[in-house]
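Next up: just one chain, as structure tokens, the form predicted on its own.
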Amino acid sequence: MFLKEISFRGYRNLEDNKIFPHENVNVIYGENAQGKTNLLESVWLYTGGHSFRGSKDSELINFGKDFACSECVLNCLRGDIDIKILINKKKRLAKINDVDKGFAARIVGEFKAVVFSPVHLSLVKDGPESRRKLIDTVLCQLKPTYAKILSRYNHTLKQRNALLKDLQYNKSNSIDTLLIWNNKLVEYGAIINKERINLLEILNFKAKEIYKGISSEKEKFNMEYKSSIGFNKDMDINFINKMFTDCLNKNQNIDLKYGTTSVGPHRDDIDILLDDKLAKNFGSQGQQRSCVLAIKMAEAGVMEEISGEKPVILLDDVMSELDASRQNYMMNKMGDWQVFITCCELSVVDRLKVGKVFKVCGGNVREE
């Protein structure tokens, strides 16, 4: 898939405009704080997800404006479709081909993209949340039903934690109420666990091969899912369900003591290993970056393999963070994908076969 048109109004600091990207490499350059990342962020919103920078929706609206709008024409297997995202102070709404879809989260799966920013370079060293988010983001785009299950799980978790805190101070509440939330948490959590571990197996297979091509060393790359309830990939969902239930029952007193849920998908992690050692503890900076690059490229490959369409690649100021060999490997692998690259200097991408160049200055996006 690729974007044929992108337009935006009232979005961040960007001046109202419409651009026509190239089917392959698009370079967006300009000095810092001019709006380059804002443009990529507006594209990412077509996935139905939140800002990849973690910004609140209200922060996406330009100062003095009541709303922001980002719209695109997307070419995919279904033909050309129009996606419109409208952001007001309270919510993000979406339309596809002028048909109201309600909340933007309901268009998850229509547009597929992979974003790679300097934040991701610390994926190996970061806490478990960032690695869980990586897997969940891919699954949400590939399986819209997963996004719904994940949302329900998080809502149930919030309710269970609230009850645990209340039970610490209000003993009159029946602890039997906890069983209701336990059952829901297990129902959704078992699905999340199974989907995550299935995807990780495919992602790991691709990342292993890519890492061999990136790294000049001979170390072995591997990823392993670390479950807080102790299941493995060979267990079926019914067995995972039982294990999760047993863990919640076993940890009930601990959960009551601390007012939070101590086991479940929200506590899981993914170990990134080199020669069976944790890359975050034993890998060099170069090795860690090779791990991240392999994972992000594998993410794009998995999305294409499962969906049958190449996702759009968003590279936000990462080219200058990678050496020439890693840059070349990445771009050779993504040669026939639509790619958006932000950078401060064109010299960073002077070896690439660029389709179009856009300069951003003070929020004005101009094709050169």
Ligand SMILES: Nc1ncnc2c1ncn2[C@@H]1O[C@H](COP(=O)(O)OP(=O)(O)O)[C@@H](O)[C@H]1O
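Just count from 1 along the sequence shown to find any residue number. All of these numbers come straight from a predicted model, not from anything done at the bench.
The protein also exists as the form predicted in complex with this ligand; that form is not presented, and the subsequent description refers to it.
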Close approach of N62 to this ligand in the predicted complex, 4.5 Å, heavy atom: yes
is_contact(Q338, this ligand) in the predicted complex, heavy atom dist at most 4.5 Å: no
Partner proximity in the predicted complex: R53 to this ligand, non-hydrogen atom cutoff 4.5 Å: yes
is_contact(E305, this ligand) in the predicted complex, heavy atom dist at most 4.5 Å: no
Segment assignment from 320-328, 30-38, 306-314, 44-52: heavy atom within 4.5 Å of this ligand in the predicted complex: 30-38
